[in-house]
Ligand SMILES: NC(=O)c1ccc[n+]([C@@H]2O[C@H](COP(=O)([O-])OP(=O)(O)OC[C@H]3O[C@@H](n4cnc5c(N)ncnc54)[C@H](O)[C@@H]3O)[C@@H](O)[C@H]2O)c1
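One chain follows as structure tokens, the form predicted alone.
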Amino acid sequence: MAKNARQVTVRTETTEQGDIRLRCGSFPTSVVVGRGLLPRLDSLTGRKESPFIVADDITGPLFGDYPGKRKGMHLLPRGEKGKSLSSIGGIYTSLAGCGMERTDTILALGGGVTGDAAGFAAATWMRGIRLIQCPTTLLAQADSAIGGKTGANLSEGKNLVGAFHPAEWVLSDVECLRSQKEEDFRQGLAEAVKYGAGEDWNFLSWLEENAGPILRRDCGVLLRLVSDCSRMKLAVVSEDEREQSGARARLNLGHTIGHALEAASGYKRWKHGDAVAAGIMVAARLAGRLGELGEEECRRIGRILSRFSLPTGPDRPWEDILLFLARDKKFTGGVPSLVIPRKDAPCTLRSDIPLPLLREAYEKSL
């Protein structure tokens, strides 16, 4: 754990099957990281009723039969359009058709878009029903499936509509990652780098040392990667479940610029992880300007992003993203609150950074 981080205990247990189980205090989610988890859903969770599965048109046919009996299944379109209000409305129609009640469970089977959309449906159907997350992408396993954030996109911006609705269980089966396309796999690597640069520089060193096995998708190394990211995410969200103290905002390192790049491109040119990677480099250069990082730390972050074939800067002029930046939830009165990485310490949220200074760091990253 990096210096000065608040010590939040995440209970970790390794089972005879090699699964890694994580639990943090009173936070309602239990996380299991392992291999071959989907066929063991009932034994792992202890639940006996058949869930309603929300997947997409790839994960549904590929993994939909593994959990066993189901009450029904709804397939979302791929990509960010799966998080539109009209797509989520389709989930409600399917839930009504299956007679879903308040005691029933939605199982989200897919990546971050599926998890967000299914989670929002679970949060709002009959004012809230149980949720199980079975993330099938590295981005979802390492980050988005944990913490209870759900959301929908509007044309005005990403995740402007949402709710906090933690899953009872997150089952991260690393064998699912072996079928991911290369481009999609690297999106999760950006979130892993975020944890290294933002929460624990020792973890960043581990990523540097194990880049080869990670890119080869060695299951043993992926178990470590996903479980370490899950541990850090659980620790942070347990401090600040509903983003009231500012602690949870640390998890948005790189996301302010990243979300603006995604929105400015109409969610087509920039994938989430690529955009976050570019945002991390802007934040690192800003941290250098503020004296929080040295030049070597900035170069180090850039090297590991490049090793994972991730962007190290944006591709559009400042004027293209400014409107979308102003809609960011962390902007108040036209002044940004920005997550800044620090050398050998957890990142910090700062609200004293003038917009021109952010622009300078952004344009130096082009």
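Remember, it's a predicted structure, so these values are computed and weren't measured experimentally. Note that residue numbering follows the sequence shown and begins at 1.
What comes next is about the form predicted together with the ligand, which is not displayed.
Engineer: Contact check in the model of the complex: 19, 66 and 172 versus the ligand, with a cutoff of 4.5 Å between any heavy atoms. Do all three pass?
Structural biologist: So, no: the whole triplet misses the ligand.
Engineer: Can you tell me if residue 167 lies within 4.5 angstroms of the ligand in the model of the complex, counting non-hydrogen atoms only?
Structural biologist: No - in the model of the complex, heavy atoms of residue 167 and the ligand never come within 4.5 Å of each other.
Engineer: According to a 4.5 angstroms non-hydrogen atom cut-off, is residue 74 in contact with the ligand in the model of the complex?
Structural biologist: Flag for residue 74 set to no.
Engineer: Although the ligand is absent from this view, report whether residue 137 comes within 4.5 Å of it in the model of the complex, heavy atoms only.
Structural biologist: Residue 137: yes, in contact with the ligand in the model of the complex.
Engineer: Could you tell me if residue 328 has a non-hydrogen atom within 4.5 Å of the ligand in the model of the complex?
Structural biologist: No, residue 328 sits far enough from the ligand in the model of the complex that none of its heavy atoms falls within 4.5 Å.
Engineer: Determine which one of 89-97, 76-84, 221-229, 292-300 lies within 4.5 Å of the ligand in the model of the complex, judging by heavy atom distances; exactly one does.
Structural biologist: Looking at the other structure, the answer is 76-84.
Engineer: From the list 119, 111, 196, 279, which entry has a heavy atom within 4.5 Å of the ligand in the model of the complex?
Structural biologist: If I apply the 4.5 Å criterion carefully, the residue I get is 111.
Engineer: Pick from 130, 149, 250, 285: which has a non-hydrogen atom within 4.5 Å of the ligand in the model of the complex?
Structural biologist: By the 4.5 Å heavy-atom cutoff, the listed residue in contact is 149.
Engineer: Pick out the residues of 49-66 whose heavy atoms come within 4.5 Å of the ligand in the model of the complex.
Structural biologist: Stretch hits, in order: 56, 58, 59, 62, 63.
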